[in-house]
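First comes one chain, alone, set out as C-alpha cells in the form predicted alone.
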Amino acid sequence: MPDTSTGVVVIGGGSTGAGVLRDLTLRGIEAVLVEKGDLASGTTGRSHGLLHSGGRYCVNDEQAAIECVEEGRILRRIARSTVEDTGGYFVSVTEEDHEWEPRFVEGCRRTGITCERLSLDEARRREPALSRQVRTVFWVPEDGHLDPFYLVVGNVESARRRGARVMTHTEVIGFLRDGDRLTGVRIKDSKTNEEASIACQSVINATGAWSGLVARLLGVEVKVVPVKGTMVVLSRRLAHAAINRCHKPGDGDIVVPGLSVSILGTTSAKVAHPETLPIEWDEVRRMIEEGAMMLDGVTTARAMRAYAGVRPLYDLGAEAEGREMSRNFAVIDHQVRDGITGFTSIVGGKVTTYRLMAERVVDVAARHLGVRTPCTTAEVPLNDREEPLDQLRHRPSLLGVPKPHGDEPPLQPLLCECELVRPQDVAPWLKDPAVRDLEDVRRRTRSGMGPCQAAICSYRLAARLVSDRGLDGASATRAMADFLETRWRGVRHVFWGSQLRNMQVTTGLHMELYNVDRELMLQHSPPPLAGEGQGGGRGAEPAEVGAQR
C-alpha cells in the first residue's frame, strides 16, 4: 500500500462520509475516502431505512423535523432510484396516544408536514392489516423507504466518476502534523496489516458514533453519545406504507416496509462503545408485542433476523438522555475551537439529512481551502442523468458501472433467487478493488439478504470468487464461511418456530452437502457457525450474550 496525497481525506464511509466525498468532487476538490470497514457497514447500513417525514420529531425536536421534511423532498428528486415513496400512517391505539394527537397535528402544521386524518374504514381499506386496536389514523405522505446501501454506493460512484478515490477496510491510525496544522493521515489496511500515509491539506471526520474516537487521536474532544437501536426483520411485507405510533417515540413503534420484508424497530439505549451492541431477547420480544398493537401479522410473520445499529447523538451538555436527545447535527471547526488547522468534524443527524450535513461541513472545509464554489448536491442527481423507472432494478449500471456493449447476455441462472440477483449484477463489483469480501458484495447487490439468509447464494458467490477473481478453493470456502457467519450472528437472536427449523435445514445443507466443516478443518480453522459477535462490519457482541439464548 504506497503512500499517496490528495486535497481532502474524508474519514467514514457511511451516508455522511459518502455525501461529503461527492460534495467535494462537485466543487472540484480532490478527495480520498477512507473507511475501516466497508461502505455503509456502520450506522447507515444498520438503520431501519425510513425516509423520515419529520413526524416523529415534530413535537419535541422541531428543527430536526423541518430538516427531514426538506431533505426528504430533495432526495426524492436527486436519488429517486434509492427511494420507495410509500407514504406513512401515524396510528393511535391507546388513550395515551389519543392525548398525544393534538400535539402531533399542531407539530405537523408548524413544521410543514402534510397530515390528513382518515376514517377507520378508509384507513383499513388502504391497509387491511391495521390492528383492531387502532382507533385513529393520520396519513403523512412524506414518509418513505430509503435503501441505505444503494444511497451510499450511489454517492460514492458519483464521486468516483469525478476522480475521487475510495479505500475500504482501511483504518486511520494516526495523523501527520506540522505544528498546529494537519498535513496527512496514517492508515492501516485491515486485511493485510500494511501501513501507509496520505498527505493532504484537510481532513473531515465523518465517522458518526466513532467521531470521538477519531478526534482523540489528535488529542481533542468530540462529545458524541452512542445510543443503540435494535431492529427485527420480518419475512414479509405487512403493510404498503410505513406505520408509526402516534405518541412520544418509544420502543417497537414503527414498521417500515423494505422491499419484500418489514423492519420493526426500534429500541434506544446508551452503550459504552459503538462496537459493543448486545441484542437481548427482551428487546426482540418487546418490539414484537408493541408492533402487534399496530399491525396484524407481526406475531405470525417469520422473524428472519435481528440487528443493532448505533445512533451518533451529539452531546449538547443538556440533561436529556436517549430519545430526549436532539436528532440535530453539529459541525465542529477544530481550527476555531481547538487551534488545529485542517480538521473538521460533523456529528449527529440522520440518514435522511445526510446531504445537508455534508453541505454544511464541506462549506467550512472549502472556505479554509479558499474554494468558493457553491454546493450543487441538491440539484445534481446521483446518476447525473434520467433513467427509465423500469431500469431501476439494474442498480450497478445506475451507480456508475458501465453497461455491457451490444445485446444483453443470454439468460443465466440467478445467483440469489430471494433477491433476484443475476450474475451480471454481481460481476462488475467483483472487479472493484474496494470490494474485498462477500459481505461487500451483499451490500451492493442484496445477495443473501432474503428469506434463506444466504443458504444457497453463498455457495454460488464463492464459486464466482474462483471464476472471476482467481481465488483457490480453500480461500473461496473461507470467504463463504465468513459470509455465513455474518448472517448467523443476526439470525441466532430469533431462534424459534419456523426460523429455527429453517436454520437447522441450512446448517445441514452446508455441513452435509457442501462439506464446509470438513473443508475448514483441513484449513485448521474453526467451524463457520462457531463464532459469536454482532456481525456485519463494525459491531462486536460479547460471547456471553449469545450463550444466554
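Please read all numbers here as calculations on a predicted model, not as lab measurements. Residues carry their position along the shown sequence, with the first being 1.
The form predicted in complex with a small molecule is left out here; the points below concern that form.
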Query raised in the report: Is there any non-hydrogen atom of Thr352 lying within 4.5 Å of the small molecule in the predicted complex?
Result: yes
*Contact of Leu50 with the small molecule in the predicted complex (heavy atom, 4.5 Å)*: yes
- [ ] Spell out, yes or no, whether the shortest heavy atom distance between Thr170 and the small molecule in the predicted complex is within 4.5 Å.
- [x] yes
Next item on the list: Using the partner position in the predicted complex, report whether Ser345 sits within 4.5 Å of the small molecule, counting heavy atoms only.
Entry: no
Here the chain appears without its partner; judged in the predicted complex, the stretch of 267-275, 123-131, 155-163, 468-476 with heavy atoms within 4.5 Å of the small molecule is 267-275
Among Val137, Ile340, Val261, Val222, just one has a heavy atom within 4.5 Å of the small molecule in the predicted complex, namely Val261
**Asked** Do heavy atoms from each of Glu35, Thr44 and Arg446 fall within 4.5 Å of the small molecule in the predicted complex?
**Response** yes
